[in-house]
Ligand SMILES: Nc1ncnc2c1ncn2[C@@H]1O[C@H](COP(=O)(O)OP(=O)(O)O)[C@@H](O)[C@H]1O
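This document starts with one chain, in the form predicted alone, laid out as structure tokens.
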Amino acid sequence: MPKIISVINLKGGVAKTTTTIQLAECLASAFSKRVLVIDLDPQTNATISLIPEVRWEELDSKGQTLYHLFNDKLERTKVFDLALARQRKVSNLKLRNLDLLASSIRFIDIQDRISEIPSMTGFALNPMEILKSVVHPILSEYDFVLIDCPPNLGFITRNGIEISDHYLIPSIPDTLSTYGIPQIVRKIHQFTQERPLKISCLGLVVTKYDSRSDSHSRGKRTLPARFSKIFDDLGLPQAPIFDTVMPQANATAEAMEFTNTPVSFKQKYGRSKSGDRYLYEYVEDLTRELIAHANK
């Protein structure tokens, strides 16, 4: 069975989607894993990092994004077809073992209505189980499933949590970015008390780290104790802070552009260095850690 990981932070701009894409492409390329990316974020950034925008527009117009899966339940329609929606061999690296279920900005229109789904389905379907009801048959085809979640803990995110073994928290080590982390851990723990969920925290990844920033240096120094306290207060097993610290680099943002034409993973993420290391080396180290933690 695959390792299913929801990538979550309540703060935007912390490299949540970037981390998801880097891990997915590295797992598929450098580690030869079969990977599915599920994009639940209305911003659709993971989607347009893995397929051309014109292809996304076609999927959206033909009703084959995850928005349409949820909308079908609200409108009692049957537009979404998993076989048509699943995009194979995605990424500008043309990775044969990396697939995608795309998002849509139209998620914004229905995210506050998902609680209506039980009444729309004669109480036959729980609003947290919409994604599970459709993707469960294909999950065994993958080694890893990475779910890019919206920056909230609403019903759409809870659909990702429902099927996940773990959740991963990417965060810049500053006050605003880390402020919501206790809420994430507490709420997901609460969800596991309300429903028989298997999910646990895989850990925290420090992202966009700028060694020249006093606030980043201070935050990185105090983060282990603050992160540990969250789990102590809830009586939960400790989750790690990953050893690999992802640096702030303009080249990382540029690597997310699908219109680029890299010939290899190393070229895509190795156009510049941070310190004395190429950026792709950080991604490989992070992915290696992810595999190790997920397999414990």
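Each residue number is its position in the shown sequence, starting from 1. What you see is a predicted model, and the numbers here were worked out from it, not measured in a lab.
One more form of this protein, predicted together with this ligand, exists but is not displayed; see below.
When contacts are judged by a 4.5 Å heavy atom cut-off, residue 18 counts as touching this ligand in the model of the complex. In the model of the complex, this ligand stays beyond 4.5 Å of every heavy atom belonging to residue 263. Contact annotation: residue 44 falls outside 4.5 Å of this ligand in the model of the complex, judged by heavy atom distances. Remark: residue 63 does not count among the residues lining this ligand in the model of the complex, judged by a heavy atom distance of 4.5 Å or less. Only one listed stretch (66-74, 25-33, 252-260, 50-58) carries heavy atoms within 4.5 Å of this ligand in the model of the complex, and that stretch is 252-260. Taking a 4.5 Å heavy atom cutoff to this ligand in the model of the complex, none of the residues in 56-94 make contact.
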